[in-house]
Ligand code: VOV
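In structure tokens, one chain follows: the form predicted on its own.
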């Protein structure tokens, strides 16, 4: 049996993708739309306060294409907190005008070999900032789930631990060339959702998503072992832009 690389975990993550039921939204009275919008703004304000208190973080983006209209990405300390905020929103009048189309449950994850020898990860401020990040509010987001292949000779989990570490370090070097251009948050989902990892990218220029993912496809980790789910890409939704989105 190959050695399992230990991981460090931080905040739990929920990606909540939804469509807007435009027919129902148009059919609603102005008073119903006003009440729903006020409830939405209350949630956005509450989530912002949680972020200000550094007890979690929220990112809100519109989604381009017909897979979804918007996404709430939520980070919280516990799975219970994620469940509570999801249920609270589902009970709101605004949620009644939305259709959940996809969700992803995971937890912020780092490989343990990133920890400094002899230093308790819980006492390392730099590491804690990566495990419990404040989500960037960049102009654009890209999310996709992925697996490591388990197929014949291309079985990631049968490789020796040192080989995996070496390849992942090489893989990471590509990502470092996009430092300052793309912020990447990796969330682990083995045992939590259908895929093994979720990858969320943030950038001021969406072209960086294409170039980064394309370049990584030539690296052995992706070329031999990478399997990818659907990609979701979108634009930052401030409260003001959200109000514009739903204005009819």
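Residue numbers count along the first chain shown, from 1. Quick caveat: nothing in here was measured; it's all calculated off a predicted structure.
The same protein has a further form, the form predicted in complex with ligand VOV, not shown here; the description that follows concerns it.
Within 4.5 Å of ligand VOV in the predicted complex, a heavy atom is found for none of 59, 77 and 136.
None of 118-126, 82-90, 172-180, 95-103 except one has non-hydrogen atoms within 4.5 angstroms of ligand VOV in the predicted complex; the exception is 172-180.
Out of the listed residues 36, 44, 216, 28, 216 is the one that sits within 4.5 Å of ligand VOV in the predicted complex by at least one heavy atom. Although the partner is absent here, residue 140 is not a contact residue: none of its heavy atoms lies within 4.5 angstroms of ligand VOV in the predicted complex. Using a 4.5 angstroms threshold between heavy atoms, residue 186 counts as touching ligand VOV in the predicted complex.
The closest heavy atom approach of residue 148 to ligand VOV in the predicted complex falls within 4.5 Å.
Of the heavy atoms in residue 212, some are within 4.5 Å of ligand VOV in the predicted complex. Shown here without ligand VOV, the chain has 130, 144, 146 in 121-146 lying with a heavy atom within 4.5 Å of that partner in the predicted complex.
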